[in-house]
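Shown below, as structure tokens, is a lone chain in the form predicted alone; questions about how it binds or moves come after it.
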């Protein structure tokens, strides 16, 4: 990957300051940690942080993004460097493609279908096959992104109901709820989805693409980086649904890892640490890439997905969304 350094997961309240060309992270219960700025790819804050302009300036000068998740795991926002790697040539081509209704619809349709296939792969059960067949039949008839997203919503509702059959009662979704999530299962999915979005956004920042010019979400969400939302879709099943199912099977999660109240739930501090460790381990997992003929990590797969859009813009190479091949 071109982006040097690592992702640092801030799972506890901390104070962030600049010290020469390093970032000093001060936690209430430990000695300060000094991290050379060249060792940081991006920061993800799960808890309260206190950061001053000097530290933000150093992050900006070195092209480092700071992601902030709120108490319920939603991606609350991010601080991005003033200088962008976006290229006018690529961005103009992005705009041209998204302005072509037929081309945009074709790409959106491929994203929805890949996401559905990946959900089937992650749940590994034939209970989802009828809904998947129905989706495949319906997609060619969809003539708008709203219609596509409606079909995707139907498939996801079925998938979540199937997922519930593989979870203990206390971890079941019982329908997807957000802002805030209403139970432990939904809190887990919200955190994982936000982390996937953050990883995709960091990957896009290292390319000449503009993350706000997307395909599937382009007309439905004006406030977020819609290309990041689009590219995150096929990866969510790989991380969110699959890891929830695995964590339940291995009894890795406990009810005490969540803070639940009437109508709302969030990960506890210990739960956030568990999730961060789980995702870090998963992102480092490698698979053999048949085209590159070498091992690549899941983290690199996300970056390669962004490069597919670059090739679409510069070489008109057909975009084929991510599907697990292993």
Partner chain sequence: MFVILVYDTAVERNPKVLKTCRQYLHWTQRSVFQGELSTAQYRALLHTLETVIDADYDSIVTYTARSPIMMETNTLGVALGGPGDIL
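Treat the numbers as computed from the prediction; the structure is a model and nothing was measured. Residue numbers count along the first chain shown, from 1.
Absent from the display: the form predicted in complex with the partner chain. The rest refers to it.
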- Can residue 48 be called a contact residue for the partner chain in the predicted bound form at 4.5 Å between heavy atoms? no
- Would residue 266 sit within 4.5 Å of the partner chain in the predicted bound form, counting heavy atoms only? no
- Does residue 283 make contact with the partner chain in the predicted bound form, using a 4.5 Å heavy atom cut-off? no
- Message: Does any part of residue 56 reach within 4.5 Å of the partner chain in the predicted bound form? Heavy atoms only, please.
- Response: no
- Can you say which of 253 to 261, 48 to 56, 64 to 72, 25 to 33 gets within 4.5 Å of the partner chain in the predicted bound form, counting heavy atoms only? 25 to 33
- Query: Do all of 6, 19 and 276 end up near the partner chain in the predicted bound form, with near meaning a heavy atom within 4.5 Å?
  - Reply: yes
- Listed by sequence position, which residues of 37 to 53 have a non-hydrogen atom within 4.5 angstroms of the partner chain in the predicted bound form? 37, 38, 39
